[in-house]
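Taking the form predicted on its own, here's one chain by itself in structure tokens.
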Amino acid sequence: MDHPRGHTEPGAEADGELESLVARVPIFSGLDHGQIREIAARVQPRIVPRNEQLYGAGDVNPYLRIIHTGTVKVYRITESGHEQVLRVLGAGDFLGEKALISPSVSDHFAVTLTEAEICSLEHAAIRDYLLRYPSVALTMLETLSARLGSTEEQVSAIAGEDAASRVATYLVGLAEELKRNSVALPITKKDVASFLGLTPETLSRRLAGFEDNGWIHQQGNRRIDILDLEALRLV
């Protein structure tokens, strides 16, 4: 049945929105419209509320999850019972790739820090796409390689740098990533401390010391103006 010009069926509109979401995901950026449409047909979209656990240590995760909006924290619990933040993921990132390669139980947790729009793909489907569309596999490998490098830097910093150097390096990296000297911490200071292997009290003392030196200015709980980037680089 023909429809008047300008009218779109609700299902078609929803499909178009989903295809648009998939097309914005970096690992699918090299695909053509037909391939995007094929993947969108298999995607399971969901709005996830803040502070919801997507999966935990000991779970077998059957999905590759792609974040379209919002923020997800990935962390593990150390032998001493403390939370160690591994990474914070945002729009365009994915998680659950470890189980894609080997269907073993997870050794970490993933929880939403904000309300998030997340699309899930069953591992059987994404394995098929990796075989059929090499560009997806290549981009995923590049992302995983970058994450591995970041994790190695994190471990090296925790093992070899003092607290002030860790905090300074983190702030410099944030400013360079955002390309501005007025930054908002993407996570709470408690989580930043965990990511850097510090106690919240140590982080607060180091930030206060930087502020006393005139290198930064703190506004509220998360906003930090970096006044002397070069000084931080030399810490």
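It should be emphasised that the depicted structure is a prediction, and the values quoted were computed from it without experimental measurement. Quick note: we count residues from 1 along the sequence shown, nothing fancier.
The form predicted together with the DNA is left out here; the points below concern that form.
Contact check for Ala163, Arg206 and Gln218: all three have a heavy atom within 4.5 Å of the DNA in the predicted complex.
Shown alone here, Leu198 lies within 4.5 Å of the DNA in the predicted complex, counting heavy atoms only. The closest non-hydrogen atom of Arg46 lies beyond 4.5 Å of the DNA in the predicted complex. The DNA is not drawn, but in the predicted complex it has a heavy atom within 4.5 Å of Thr188.
At the 4.5 Å threshold, heavy atoms of Thr202 reach the DNA in the predicted complex. Note that among 206-214, 52-60, 169-177, 24-32, the stretch whose heavy atoms approach the DNA to within 4.5 Å in the predicted complex is 206-214.
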